[in-house]
Each structure stands twice: as structure tokens, then as C-alpha cells.
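Given next, in C-alpha cells, is a single chain: the form predicted alone.
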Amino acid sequence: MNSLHDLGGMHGFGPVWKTPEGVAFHSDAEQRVFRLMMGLMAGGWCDTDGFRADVESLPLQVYARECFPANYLAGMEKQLERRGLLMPGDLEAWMAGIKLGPRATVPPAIMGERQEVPLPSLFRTGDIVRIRSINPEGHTRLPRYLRGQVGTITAQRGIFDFPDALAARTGRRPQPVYTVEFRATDVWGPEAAANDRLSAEMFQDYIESRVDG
């Protein structure tokens, strides 16, 4: 995520909303939109990485002005239009009581079934590594506050498809994922507690190089 979509470590947005223990949603609208999104994904009409990319492609003024349900609905509308279930103007016509014409009944394949050889593992547990400093225009799962940071690999999590590639529809690019631990003072500065650590799962493409200890 980039720009306004990556809120980690950003200031100026006021206090964080607090939800009472056991309450998952702030409103009924949030719950309904979340159910709709899960249903569309289960049916193959939406996918996680493409959906995130579509929400992040909303104009910043729209993204900042609207709340979670409205932005998620806009992202789902983009996905459904791309897959042929919606046409421009369909929602307005439906709300006006106009009967819609035939639409696709089976979702097209989100990605081809071509097998891709996983990238070989370049790192191992215990390695000190530097995270890449990148600023891509498209979707990425690399938090901005960890770019350029140095941390220690504490675990290897297996092989997974690369979300950046999936969102861009350039392939699956399967690769190793590692847990990397960072010192809080390195990430947040000297005001952080000296003994605090934070961990994040890192795709291999996010790791720039091994650092000599």
C-alpha cells in the first residue's frame, strides 16, 4: 500500500476508533458490505489482491471522504464490471427499477492455471536482512514504515503466491515468505521502548540483501 492507503506510522488523522471487545463492526452497513464481499469472493467474482488494488485506485479525495462501506462497495463494483457481471450504469438502473439485460453467470478465471516454478530460497533463519525501499504505483503488501529497515529472520513460512503480482495480473510468482523481526527503536525512533520488537511476514521480493552482522 502507498499514499493514504498505508496508514501505518502516519499522523494527523485523529484518534483511532475503538470497538468494544467482541464487537466486529461499527455499523450494520459495515457488516452487510463485509458479508457481500465475502460472498462475492467465495463465488469467484472478486479476489483479495485485485480487490485491494481496486480500492486503492480510488481517487484520494474519495477514499479519504468516504467510510469503509462506501469504499469497499466501490472496489467491488470495479471488480464486477471487469468480470462482466455489471455494466456501467447498472446500479443506477437497478435502483430506478429498470430491468437489466442478461449478464455473465459464471465468473471468468481470475488467473491462468499456468504452473510457475517457485523462486529458490535465498535466506535462512538467523540472517540479518535489509528490506527494499520501494514506492510502486500499484498494490503492494510491503508496509511503508518497514521499507529500508534492517531486521532478523526468525522463521521461514513456506511458499506463497506474490500478492503484488496477483494484483497486477502479471502471474503468481510463488516465492518464500519469512518472518522478520525488527527493533522498535529502529522503526519508530528512540521514543519507542528499548526492548520492544515487531515482526512482519516478508515475501522474498521485499528483501533487498543479507546484511553482515
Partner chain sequence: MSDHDHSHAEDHTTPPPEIQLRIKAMESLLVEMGVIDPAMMDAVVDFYERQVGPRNGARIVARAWADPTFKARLLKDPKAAIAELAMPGISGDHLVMVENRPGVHNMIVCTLCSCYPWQTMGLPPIWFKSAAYRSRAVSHPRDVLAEFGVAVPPETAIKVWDSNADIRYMVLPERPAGTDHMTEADLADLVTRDSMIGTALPLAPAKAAP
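Numbering follows the first chain given and starts at 1. We call the rigid core whatever largest set of C-alpha positions still superposes within 1.5 Å between the two forms. Everything quoted here is computed from the prediction, not taken from an experiment.
Note that the form predicted in complex with the partner chain isn't included here; everything after this is about it.
Although the partner is absent here, Leu36 lies within 4.5 Å of the partner chain in the predicted complex, judged by heavy atoms.
Contact check for Pro176: no non-hydrogen atom falls within 4.5 Å of the partner chain in the predicted complex. Looking at Arg52, you'd find a heavy atom of it within 4.5 angstroms of the partner chain in the predicted complex.
At a distance threshold of 4.5 angstroms between non-hydrogen atoms, Arg103 is in contact with the partner chain in the predicted complex. Annotation for 44 to 68: interface residues with the partner chain in the predicted complex are Trp45, Arg52, Tyr63, Arg65, Glu66, Cys67, Phe68 [heavy atom within 4.5 Å]. Once the rigid core is used as the reference frame, the Cα position of Pro20 differs between the shown form and the other one by 2 Å or more. Once both forms are fitted on their core, the CA shift for Tyr145 between the shown form and the other one remains under 2 Å.
Positional change of Gln31 between the shown form and the other one reaches 2 Å or more at the C-alpha, relative to the superposed core. Note: Met202-Ala24 Cα separation is 3 Å or more longer in the predicted complex than here.
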